[in-house]
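Single chain ahead, written as structure tokens, the form predicted alone.
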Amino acid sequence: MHDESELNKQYQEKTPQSAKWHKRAKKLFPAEGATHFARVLRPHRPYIKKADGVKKWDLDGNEYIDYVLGHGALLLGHNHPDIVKAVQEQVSKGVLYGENHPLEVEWAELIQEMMPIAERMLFCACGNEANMMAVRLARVITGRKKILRLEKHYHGWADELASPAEPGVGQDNVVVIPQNDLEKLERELAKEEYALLLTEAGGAFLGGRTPIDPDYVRKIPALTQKYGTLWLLDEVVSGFRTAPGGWQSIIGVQPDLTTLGKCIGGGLNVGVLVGRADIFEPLNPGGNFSRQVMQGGTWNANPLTASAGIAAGKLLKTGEPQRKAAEAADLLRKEGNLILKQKGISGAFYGDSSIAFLYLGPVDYDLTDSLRSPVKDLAKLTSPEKATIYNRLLLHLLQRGVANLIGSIFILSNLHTDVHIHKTMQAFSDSLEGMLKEGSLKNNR
């Protein structure tokens, strides 16, 4: 057994400039110096100075194959030339007009072309904000207050959207139920007191870390219509990453509302609420004043983001980037599962489309089909008891030139090649060996 602190020492020796900046950051940002909960790592994640394609470089010149990709926003990789050109041309023309402009119309038409349920839409600054507006509109339209959500499905950090277990969250009008339990869902909807049902496309967290049963989802529209509840399918992660029409186009459903983000901004921040035209009527100042909803956002559809969104949308509507990213993710899952088997380590790579999730622990299924969960008890997939192991793996991977999200999530782009995947899996294999030697991981032999 090796000393676990040795890796920390080697990593800090390799990243002295990151350590220096992290020391400054810890005096400013409350999450141990990080600006996002998923960027918290001891001793620190690398501090990046530039990125291009599928790679990024830290302040000390260390190179990483990137599987964070802006938390999923960069399906097209870093600095796609079409997006860079669009932004460069727009920045000299103005970044914030405070007026209507043609770019917002062109951008919206692209979204509508890809996702036909988008009869009307509202641009926001982020997905969290778009989900908040959906809650407001649903309450106005239905005259109800209560919101129904599924366990562990992530929709943002606002009160009605956050986990009820988080301190300070007020959810007097929110009920959370397990996913995939159709009888429980109908019992709740039958009370006819819910304005909105929110579900995350693909499953809980990043579009499927806890996979959802598509057949369960296909039964939702009939139930919500029967009991007068609006249904929002959150595609902030999956929208345009899985397919030009989103995850909903793959499984064949039409929600009342959908929220989009990440990919449709081409790397710039955006959230979009889309759906049936009648649901958006309260935003019309010429409508019923007693039902009018005021919404203002300084950065809504700003020209700089719109220019990036148009460039990205033109590429995404072809479906080719999604196909390439999905193929790369499939290769990563297959190679990763082979390595786990060869080393006698219990666990599996799984996932849908262009995101690969890693579970370390006893499995219930031999994953010939990597789209399903490797365990029957879905709670095991996100057990906090595993966080220490995944964080350790993350540090090992960083030391070997691979950056992923919280150690267990690999987000792919259309620029990841077989060469990148093979290098990544070699780093993964070496990382597992390092963890076995130091005793932070055990095999089942």
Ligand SMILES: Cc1ncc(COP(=O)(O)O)c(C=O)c1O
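Source: prediction; values computed, not measured. For every residue, the number given is its place in the sequence shown, counted from 1.
Below, we turn to the form predicted together with this ligand, even though it does not appear here.
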>> Considering non-hydrogen atoms and a 4.5 Å limit, which listed residue (134, 312, 274, 236) is close to this ligand in the predicted complex?
In response: 236
> in the predicted complex, which of the listed residues (262, 149, 333, 80) lies with a heavy atom within 4.5 Å of this ligand?
Replying inline: 262
>> Check residue 227 for me: does it contact this ligand in the predicted complex (non-hydrogen atoms, 4.5 angstroms)?
In response: no
>> residue 220 versus this ligand, in the predicted complex: is there a non-hydrogen atom within 4.5 Å?
In response: no
> Is residue 209 a contact residue for this ligand in the predicted complex, using a 4.5 Å heavy atom cut-off?
Replying inline: no
> Is there a heavy atom of residue 245 no more than 4.5 Å from a heavy atom of this ligand in the predicted complex?
Replying inline: no
> Counting only heavy atoms and a 4.5 Å cutoff, which of 124 to 132, 349 to 357, 277 to 285, 81 to 89 contacts this ligand in the predicted complex?
Replying inline: 124 to 132
>> Where, within 176 to 205, is there a heavy atom within 4.5 Å of this ligand in the predicted complex? Residue list please.
In response: 200
